[in-house]
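Below sits a lone chain in structure tokens, taken as the form predicted on its own.
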């Protein structure tokens, strides 16, 4: 199995060295992909499962990666996005979740009341965004992708992504200011 994981990827584009292995790509992108997926599914356990599924899919389809279509990181995020959307569709078919799961890693309200309040205000404002807007924000800030990479993942133009992100961030700021 170690030999299979360390198998060389096809030549990669952009800032990624051509000799990078799938293992190196996995190690480099795992934290960002997990953060992005967790922001979409809002459940730590499900986010771990979806992230694992995304990397498994990527590994199985690694020969389908085409550098001309974007970076390997953007390719991985596209696969992760599809895996997360699959999970959300499965959940919708089952009983709906009426509230966000408890964030066990969040600081206790007694210890960090102001920080907790700000976090709740941001979560509430994010919840009011349309799905595509939340997706762009998650790709940008949780995934750390550039506008060009987001454009490739979402199938949009780069300038359109920039404009929409700007409008969405402005909308978030206004919603947060109204709640504060």
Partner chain sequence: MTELDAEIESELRVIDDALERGTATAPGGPERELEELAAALAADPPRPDPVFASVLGERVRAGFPRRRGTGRLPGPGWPKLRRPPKVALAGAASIVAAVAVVISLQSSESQPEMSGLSDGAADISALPEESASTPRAAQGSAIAPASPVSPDGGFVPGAEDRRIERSASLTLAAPDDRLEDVANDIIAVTDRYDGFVLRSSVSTGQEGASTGDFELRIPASRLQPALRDLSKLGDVRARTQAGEDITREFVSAGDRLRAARAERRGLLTRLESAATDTEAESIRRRLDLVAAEINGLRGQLRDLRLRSDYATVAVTLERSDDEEGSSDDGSGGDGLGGAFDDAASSLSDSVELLVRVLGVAIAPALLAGLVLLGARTVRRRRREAALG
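Residue numbers count along the first chain shown, from 1. Please read all numbers here as calculations on a predicted model, not as lab measurements.
Same protein, other form: the form predicted together with the partner chain, not shown, and the subject of what follows.
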Any non-hydrogen atom of residue 28 within 4.5 angstroms of the partner chain in the model of the complex: no
The partner chain contact at residue 149 in the model of the complex, heavy atom, 4.5 Å: no
4.5 Å heavy atom contact, residue 177 to the partner chain in the model of the complex: yes
Close approach of residue 132 to the partner chain in the model of the complex, 4.5 Å, heavy atom: yes
Those residues of 137-168 which, in the model of the complex, come within 4.5 Å of the partner chain by heavy atom: 137, 140, 141, 142, 147, 153, 154, 155, 158, 159, 162, 163, 165, 166
